[in-house]
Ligand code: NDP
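Take a look at this single chain, the form predicted on its own, given in structure tokens.
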């Protein structure tokens, strides 16, 4: 029995780096990096960022795909992945904190007029402008799981009014929690900023279409650190051009890397970041080793995904 590591993203982590992290926790276990053609029958666990074409088909004894991160939509929807294969994700604190910081950072930048003051300084223009007050500002956080909950409480700790929305009922100290599909338009209508931390599921794909975007408060800003397919791109462009939305901060996209000719790049109301809101997986790699151990002993896996629900 063995593990295959398949990352293929040199800008983030090399396969051998992860192998070196896992090996001390799994003495005697064979861990192969990317190319394991001679050992495919041994592999029962695949640790990957995504599924590359042909990999799963060549692993006849695969029992678990361990996603090296949170979003699992592409994995659970992969047509080559047998129904019998389990999928797990990671839930370390580090990326949850980083995504919360990402959302807070961009809101504070706008609250404090930082870009305007930076531009004025470049022109040697002295033009004081009062910052917006946090207690008078409403932040909406969509998705109140591990990451969204951390984001909501981070805003609440800074004195913002925070409205949290999720499909099922949640309770979070300092956050006004609302739930259910019918409640979402009302949440959007009250918020000055909306931070979306939602997964990609049948219920959330294309959630922000023209109709839903019309519910957003005039002059509000949409921040998407969830999944790229939550947003109908042309609908967002139209909402920005029509003036209902003041701006959008986008870290995730339908196609990544974002194509060079994509209209988001040069739009004056859109900030594009290259999927960097959550980066480090500190504390999560031990769970990869633990899930291999549990897989071999028949114990319940950590952070197992409901493949039907998609998260």
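Positions refer to the first chain, counted from 1. What you are looking at is a predicted structure, and each value in this text was computed from that prediction instead of being measured.
Form predicted in complex with the named molecule: not shown, discussed below.
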query: Contact residue in the predicted bound form, chosen from 111, 204, 154, 86 - any heavy atom within 4.5 Å of the named molecule; finding: 204
query: Single option in 117, 161, 217, 167 placed near the named molecule in the predicted bound form, where near means a heavy atom within 4.5 Å; finding: 167
query: 4.5 angstroms heavy atom contact with the named molecule in the predicted bound form for residue 140; finding: no
query: Partner proximity in the predicted bound form: residue 197 to the named molecule, non-hydrogen atom cutoff 4.5 Å; finding: yes
query: Any non-hydrogen atom of residue 275 within 4.5 angstroms of the named molecule in the predicted bound form; finding: yes
query: Contact of residue 251 with the named molecule in the predicted bound form (heavy atom, 4.5 Å); finding: yes
query: Answer range among 74 to 82, 219 to 227, 233 to 241, 120 to 128 for contact with the named molecule, defined in the predicted bound form as heavy atoms within 4.5 Å; finding: 219 to 227
query: In the predicted bound form, residues of 124 to 150 near the named molecule [heavy atom within 4.5 Å]; finding: 143, 144, 145, 146, 147, 148
